[in-house]
Ligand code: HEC
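A single chain comes next, written as structure tokens; it is the form predicted alone.
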Amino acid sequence: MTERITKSMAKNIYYGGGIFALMIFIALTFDTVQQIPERSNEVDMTPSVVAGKKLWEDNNCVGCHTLIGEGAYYAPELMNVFQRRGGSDEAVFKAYMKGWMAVQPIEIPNRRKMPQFNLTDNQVDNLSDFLIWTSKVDANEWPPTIEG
């Protein structure tokens, strides 16, 4: 007997492999969709968090910063800025953010300036709430270091 693959064998391998890959894809998609509610922290989303996200987008913060690893790698990762600069205390973090946003732009050698966005205290609170909310999303231990 010769060890050759016939046309019908090749067709069976092709269709069988395709169906198997499709089944794996569907199973992984189903598993991912099942995990989203427990990992996304959507139950803690408030109108302030939504307003902060809108500020994030309107001011193109992602043009310089990353959030959960997505965005430009020019400025620091901000997913864990709440732990870094607020010590996980919301009042301390909001005070830090108000001070930080008020003194922009800062002259630091060899570093480009962050623009002054002229945000109101309420807008800074909304942005802070968004960053606090983001810090509680389960992102598989991202970022890998505390400094982002």
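Position 1 is the first residue in the sequence shown; the rest follow in order. Quantities reported herein were computed from a predicted structural model and do not represent experimental measurements.
Another form exists, predicted together with this ligand; not displayed. Remarks below refer to it.
Asker: Name the single residue among T29, N122, N59, T46 that comes within 4.5 Å of this ligand in the predicted bound form, judging by heavy atoms.
Answerer: Looking at the other structure, the residue within range turns out to be N59.
Asker: At 4.5 Å between heavy atoms, is L127 in contact with this ligand in the predicted bound form?
Answerer: Residue-level check for L127: yes, a contact with this ligand.
Asker: Just to confirm, A102 within 4.5 Å of this ligand in the predicted bound form by heavy atoms?
Answerer: Flag for A102 set to no.
Asker: Counting only non-hydrogen atoms and a 4.5 angstroms cut-off, does L67 reach this ligand in the predicted bound form?
Answerer: Judged by the heavy-atom cut-off of 4.5 Å, L67 is well away from this ligand in the predicted bound form.
Asker: With the cut-off set at 4.5 Å between non-hydrogen atoms, does P115 touch this ligand in the predicted bound form?
Answerer: Taking the distances in the predicted bound form, the answer for P115 is yes, it comes within 4.5 Å of this ligand.
Asker: State yes only if every one of K136, V137 and A139 has a non-hydrogen atom within 4.5 Å of this ligand in the predicted bound form; otherwise state no.
Answerer: No: no residue has a heavy atom within 4.5 Å of the partner.
Asker: Going by heavy atoms, what in 64-96 lies within 4.5 angstroms of this ligand in the predicted bound form?
Answerer: Stretch hits, in order: C64, H65, Y74, A75, P76, L78, V81, R84, R85, Y96.
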